[in-house]
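The chain below stands alone and is given in structure tokens; this is the form predicted on its own.
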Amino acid sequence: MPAGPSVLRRILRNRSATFGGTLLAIIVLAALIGLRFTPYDPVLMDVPNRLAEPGAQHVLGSDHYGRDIFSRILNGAHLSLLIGAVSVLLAVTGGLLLGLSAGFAGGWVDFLVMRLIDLMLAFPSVLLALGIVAIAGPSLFNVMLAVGIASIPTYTRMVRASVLTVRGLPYIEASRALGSSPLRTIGRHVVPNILAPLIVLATLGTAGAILTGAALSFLGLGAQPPTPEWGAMLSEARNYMRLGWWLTVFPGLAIGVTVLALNQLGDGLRDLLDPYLRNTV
């Protein structure tokens, strides 16, 4: 019998994974819908209806330019998800290459890679990302690049530690004894055995990347107006908080719910993939 049904049953029995996965699926679906359809044009100004309270006409109210908040949140969902996904993809790629090189090669390669990582870790990740964006210039692409680069040390250290754990195991030694090249050994034996913690870290890291991207956009270094990115929406609304509570509450709630979904999914995946916790799930 295939293992698929049993894996699915274990996922469905895990409340964190089920809740987080379902919520994330709804958010992704909303983002896809927002690319094609919104009740109002998310960037079209309607000054006569500026700062309209949540109601029948504007479900979540309108902003200081009369733009519908719900339409802007729906249309901007894909941008926040894109920031998280691209940033983590870049960080995982860089961390995997550096961590595998350091852990498997050892010696001076390990020394040079880890000194580079120590240098990057000397700066808080948010400040490192802030510095990169300040140098490269404010844009959505530069935010994704900066957040991804700033996250590489975390993945590098995790991958290196995992490689150091598995490289001395008997099946790795057997692969070497049979004459397998280092690249073949890494691809067939090392990488598959370090994927579980990497997947969990990437899932949880996506939530952090979305928060960091929103923070940079809030500071004016990310998506530029009138782009309906959630962090940029908070930045635009901060001068009108006393006039309309909905201007900041709903974009902030969108960020919070997305981060909650990813964290719950990451916790569930950790419980399912960690061999020490698997028997308790």
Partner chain sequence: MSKRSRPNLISRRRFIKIGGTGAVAVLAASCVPATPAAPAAPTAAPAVKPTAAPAASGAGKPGGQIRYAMNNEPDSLDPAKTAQASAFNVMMNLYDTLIWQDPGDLQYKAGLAESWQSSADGLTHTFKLRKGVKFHDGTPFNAEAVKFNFDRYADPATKSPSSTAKLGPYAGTRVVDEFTAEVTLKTQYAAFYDSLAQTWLSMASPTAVKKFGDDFGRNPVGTGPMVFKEWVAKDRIVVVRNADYAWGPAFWNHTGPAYLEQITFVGISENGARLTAFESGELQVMETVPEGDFDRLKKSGKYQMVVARTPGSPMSIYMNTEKAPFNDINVRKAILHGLNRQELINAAFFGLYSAADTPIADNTLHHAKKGVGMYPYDMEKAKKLLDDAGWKAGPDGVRVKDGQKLVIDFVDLTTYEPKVVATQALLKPLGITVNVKVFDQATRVSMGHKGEGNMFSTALIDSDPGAIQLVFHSRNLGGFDWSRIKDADLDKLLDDQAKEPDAAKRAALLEQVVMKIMENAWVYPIYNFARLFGVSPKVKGFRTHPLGSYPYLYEVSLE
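Residue numbers count along the first chain shown, from 1. Values in this document were obtained by computation on a predicted structure and should not be read as measured data.
Absent from the display: the form predicted together with the partner chain. The rest refers to it.
Check all three, F70, L253 and V257, heavy atom within 4.5 Å of the partner chain in the predicted bound form: Heavy-atom distance to the partner chain in the predicted bound form: none of the three under 4.5 Å.
Heavy atom within 4.5 Å of the partner chain in the predicted bound form - residue from V43, V28, V249, V59: Exactly one listed residue reaches within 4.5 Å, namely V43.
Partner proximity in the predicted bound form: L51 to the partner chain, non-hydrogen atom cutoff 4.5 Å: Heavy-atom contact with the partner chain at 4.5 Å: present for L51.
Exercise: R242 in contact with the partner chain in the predicted bound form, heavy atom 4.5 Å: R242: contacts the partner chain in the predicted bound form.
L35, heavy atom within 4.5 angstroms of the partner chain in the predicted bound form: L35: no contact with the partner chain in the predicted bound form.
Exercise: P39 in contact with the partner chain in the predicted bound form, heavy atom 4.5 Å: Contact check for P39: no, nothing within 4.5 Å of the partner chain in the predicted bound form.
Contact set, 218 to 239 vs the partner chain in the predicted bound form - heavy atom within 4.5 angstroms: Result: Q224, P225, P226, E236, N239.
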